[in-house]
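Just the one chain here, laid out as structure tokens, in the form predicted on its own.
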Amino acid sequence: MKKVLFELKDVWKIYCMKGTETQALRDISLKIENGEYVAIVGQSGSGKSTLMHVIGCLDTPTRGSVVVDGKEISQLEDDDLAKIRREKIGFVFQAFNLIDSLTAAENVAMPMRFNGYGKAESIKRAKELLKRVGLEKRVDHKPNQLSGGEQQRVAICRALANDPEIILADEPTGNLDSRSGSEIIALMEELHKSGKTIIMVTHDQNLAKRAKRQIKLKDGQIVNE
């Protein structure tokens, strides 16, 4: 029997701005098991990214239960949540979120430094990860010297730095041309085959179809799975 990594029960996320309520998530219940490859799909404003942030412990629900790896997040301190994000989950964002002043290797090494690894050890593993995605000749290049596809591969290596069980990817092909996007799709599939749990938000139907499971949102609710 596979381990349940995420379990959401009756989850709501409501934002209040200037006296107006926006229900970003409405009564969401779902389970995601270890080793799954899940695509969260839906139109802009459907609640996809909000759901990703709740699953990734980047945000907390207004009400309802979110259990991550057996722990109810509402009962955890900020340090405990940070530890889950640092050790259990690797994040990949549409905008890459690389630090311009750092080389590719230094960007990849950063999560390891936060996790207590020394500089030399971190850089060594960063270079090994970059070699794995075909960027061994780009380790000393800064983001502005890399193409969009190369930057996203660096970002994926950074997500893998602490060898997390789970990769959360928010529109990983959104800023890429079709060729670079295909390379990222292939890399995600390779990571899944290696045993990683992949959860991604995407509007790219080609990417969504490659996932083993799709969760469709509309107006903050699951409408099809």
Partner chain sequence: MLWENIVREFGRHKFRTALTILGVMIGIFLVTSVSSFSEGIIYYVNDQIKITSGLITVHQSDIAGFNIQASEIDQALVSDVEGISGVEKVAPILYANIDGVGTAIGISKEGENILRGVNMEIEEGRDFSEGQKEVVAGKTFADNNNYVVGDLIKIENTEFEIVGILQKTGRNDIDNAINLDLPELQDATGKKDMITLMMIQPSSPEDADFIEQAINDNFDEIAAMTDKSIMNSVNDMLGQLNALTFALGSIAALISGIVIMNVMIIAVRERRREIGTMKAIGATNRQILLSILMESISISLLGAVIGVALSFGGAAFINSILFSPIALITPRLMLQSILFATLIGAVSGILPARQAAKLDPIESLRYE
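Since we're looking at a predicted model, the values are computed, not measured. Numbering follows the first chain given and starts at 1.
Omitted from view is the form predicted in complex with its partner chain, to which the following refers.
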| property | result |
| --- | --- |
| Contact check for L58, F114 and K119 against its partner chain in the predicted bound form, heavy atom at 4.5 Å | yes |
| Close approach of E106 to its partner chain in the predicted bound form, 4.5 Å, heavy atom | yes |
| H53, heavy atom within 4.5 angstroms of its partner chain in the predicted bound form | yes |
| Close approach of R158 to its partner chain in the predicted bound form, 4.5 Å, heavy atom | yes |
| Partner proximity in the predicted bound form: S101 to its partner chain, non-hydrogen atom cutoff 4.5 Å | yes |
| In the predicted bound form: members of 72-91 within 4.5 Å of its partner chain, any heavy atom | D78, D79, A82, R85, R86, F91 |
